[in-house]
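This document opens with one chain alone, in structure tokens, the form predicted on its own.
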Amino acid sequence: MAVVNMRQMRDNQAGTIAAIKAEGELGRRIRDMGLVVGTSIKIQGRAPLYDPVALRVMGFTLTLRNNEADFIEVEVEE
């Protein structure tokens, strides 16, 4: 298992959140969306200019800007 930044994940790649590096208001907002350590996610797709990224988490689709995804580390199978 490798730990990568969420921005580096490919389409249809799945993994488990290993760490949230954001502090303060942004960190709270990310956790409020359900993105906490141990949550399984799958990259669903990206916009034409690669921002934002759409992911499946807990049965719903969530979009994040790349600058938000930079704070999330995900454990993926190689």
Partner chain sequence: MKTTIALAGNPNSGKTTLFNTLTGSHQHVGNYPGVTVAKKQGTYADNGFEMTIVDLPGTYSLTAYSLEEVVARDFLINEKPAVVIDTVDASNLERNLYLTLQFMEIGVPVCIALNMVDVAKSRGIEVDAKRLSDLLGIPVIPTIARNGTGKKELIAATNKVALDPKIPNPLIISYGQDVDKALVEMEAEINSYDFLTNTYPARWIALKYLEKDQQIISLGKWKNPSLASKLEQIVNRVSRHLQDTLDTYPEAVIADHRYGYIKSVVKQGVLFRQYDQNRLYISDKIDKVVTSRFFGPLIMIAVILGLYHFTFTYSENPVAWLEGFFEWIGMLTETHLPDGLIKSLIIAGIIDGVGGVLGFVPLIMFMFFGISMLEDSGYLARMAFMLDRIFRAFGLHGSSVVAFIVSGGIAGGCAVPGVMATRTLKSPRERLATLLTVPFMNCGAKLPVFALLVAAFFAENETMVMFFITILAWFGALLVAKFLRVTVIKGDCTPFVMELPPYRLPTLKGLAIHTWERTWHYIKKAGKIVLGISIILWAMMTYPNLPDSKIQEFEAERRAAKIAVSSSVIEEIETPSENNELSKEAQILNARLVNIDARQAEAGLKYAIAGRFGSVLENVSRWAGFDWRTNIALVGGFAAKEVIVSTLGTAYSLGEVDPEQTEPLSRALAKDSEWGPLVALSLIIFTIFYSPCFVAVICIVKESGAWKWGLFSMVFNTVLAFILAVLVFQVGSALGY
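Here the structure is a predicted model, which is why all the values come from computation and not from measurement. Residue numbers count along the first chain shown, from 1.
What follows is about the form predicted in complex with its partner chain, which we do not show.
Answer for R10 alone: is it within 4.5 Å of its partner chain in the predicted complex, judged on heavy atom distances? Close contact is absent here: in the predicted complex, R10 is far from its partner chain, nothing within 4.5 Å, heavy atoms only.
Answer yes if any heavy atom of E68 is within 4.5 Å of a heavy atom of its partner chain in the predicted complex; otherwise answer no. Yes, E68 sits close enough to its partner chain in the predicted complex that at least one of its heavy atoms falls within 4.5 Å.
Can you name the residues of 46-60 that have a heavy atom within 4.5 Å of its partner chain in the predicted complex? Read in sequence order, the residues that approach its partner chain (within 4.5 Å, in the predicted complex) are R46, A47, P48, L49, Y50, D51, P52, V53, A54, R56, M58, G59, F60.
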